[in-house]
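Here we start with a single chain on its own, the form predicted on its own, put down as structure tokens.
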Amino acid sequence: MIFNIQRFSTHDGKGIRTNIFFKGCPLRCKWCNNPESQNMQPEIFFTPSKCILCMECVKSSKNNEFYLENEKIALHRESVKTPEIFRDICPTKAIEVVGNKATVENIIEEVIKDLPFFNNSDGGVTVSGGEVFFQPELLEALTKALKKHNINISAETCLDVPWNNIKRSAQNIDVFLADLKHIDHSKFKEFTNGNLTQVLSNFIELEHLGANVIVRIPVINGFNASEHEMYSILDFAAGLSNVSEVNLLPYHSFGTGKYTLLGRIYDLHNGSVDDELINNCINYAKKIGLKANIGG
């Protein structure tokens, strides 16, 4: 299951890249910018302001999912059992189904259109999410197919998955863009509902494998935005023999509108950090032998 293929990206790896976004993630980070990536199943984005009352959604509803209320279309999300029946029925895109079961063949067909751009820019494909290793079978098949075309592959990952999920595709991945959000177990659990022991163990396994890893650190006020916490994270990264670069990702709220489209509440506010902390972290990273950048 994927939810987007984004072409002509200049982030998340070298050169011009095509980003493939996998659906499904084990984490529930409070600041997540892609909430539509969290659940494995298709979901509905609903934008009532775009509705022109054509009634196609009401006609297609089997369980009163969409209904007319006070001369406006309303959505009863708990009744949605088969989102697929609403795909492409809305002429104004007030209703969009997020997530589809694209095959490896479908994905490759799209990706190879960009081979000239990859070749001229040292670019390639970045697999992202969600969490790409949450679907190990799909990722393994896709990375093998990409390598038949000699395409460079970067993988964005939270690493909070069983090692065997990662091991299956590791030999096909050129660069791991791996999140290291915290090294405090209780805070990691509180803000992400994840398993930090598993994350740190996978960093060590990647080191043993000699994988090329760039560490990515989201910097979030109230979570890890203090010198003590950030320096401890950077120290862990510097202690890994296969890590020479870190990317600092300061908090932003660009994805908050998606929560409304999904009928969900965004519950992290005031996550922004000041430039002084970021600059101090960059200087500290350089001091302990790491190349440090803002962003990817």
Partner chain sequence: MIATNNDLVYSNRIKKLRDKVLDTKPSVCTERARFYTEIYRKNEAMPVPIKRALALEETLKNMSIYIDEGELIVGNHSSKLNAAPFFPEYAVEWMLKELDEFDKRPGDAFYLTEKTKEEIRQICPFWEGRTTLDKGYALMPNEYKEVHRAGIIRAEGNLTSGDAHIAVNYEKILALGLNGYLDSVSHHRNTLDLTDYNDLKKEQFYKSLIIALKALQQFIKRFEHLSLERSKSESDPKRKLELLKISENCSYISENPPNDFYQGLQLVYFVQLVLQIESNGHSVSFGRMDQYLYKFYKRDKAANLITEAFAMELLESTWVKLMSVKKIRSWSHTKFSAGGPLYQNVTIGGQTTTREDAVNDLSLLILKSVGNTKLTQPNLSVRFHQNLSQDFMLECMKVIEKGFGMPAFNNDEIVIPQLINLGVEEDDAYNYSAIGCIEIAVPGKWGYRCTGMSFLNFMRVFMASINDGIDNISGKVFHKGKGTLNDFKSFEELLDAWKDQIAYYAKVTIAIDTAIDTVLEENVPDILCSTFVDNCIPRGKFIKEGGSKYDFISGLQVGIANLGNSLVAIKKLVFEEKRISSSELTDALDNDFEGIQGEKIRQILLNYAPKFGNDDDDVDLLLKDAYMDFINELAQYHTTRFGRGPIGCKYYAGTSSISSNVPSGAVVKATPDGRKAYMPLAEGSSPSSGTDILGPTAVFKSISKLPVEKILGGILLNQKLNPQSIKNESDKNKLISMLRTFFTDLKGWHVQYNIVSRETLLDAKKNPEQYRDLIIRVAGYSAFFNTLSPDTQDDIISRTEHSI
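Predicted model only: the values in this text are computed from it and were never measured. Positions refer to the first chain, counted from 1.
This next part talks about the form predicted in complex with its partner chain, which is not shown.
Taking Asn150, Ser121, Asn106, Ser79 one by one, only a single residue has any non-hydrogen atom within 4.5 Å of its partner chain in the predicted bound form, and it is Ser121. Looking at its partner chain in the predicted bound form, residues Pro42, Lys167 and Asn212 place no heavy atom within 4.5 Å of it. Residues of just one listed stretch (127-135, 88-96, 179-187, 155-163) have heavy atoms within 4.5 Å of its partner chain in the predicted bound form: 88-96. Not displayed here, its partner chain is kept clear of Leu68 by more than 4.5 Å at the level of heavy atoms in the predicted bound form.
Taking the partner from elsewhere, Lys291 is found to have every heavy atom lying beyond 4.5 Å of its partner chain in the predicted bound form. The closest non-hydrogen atom of Lys286 lies beyond 4.5 Å of its partner chain in the predicted bound form.
The closest heavy atom approach of Ile282 to its partner chain in the predicted bound form falls outside 4.5 Å. Scanning 5-19 for heavy atoms within 4.5 Å of its partner chain in the predicted bound form gives Arg7, Phe8, Thr10, His11, Gly13, Gly15, Ile16 in sequence order.
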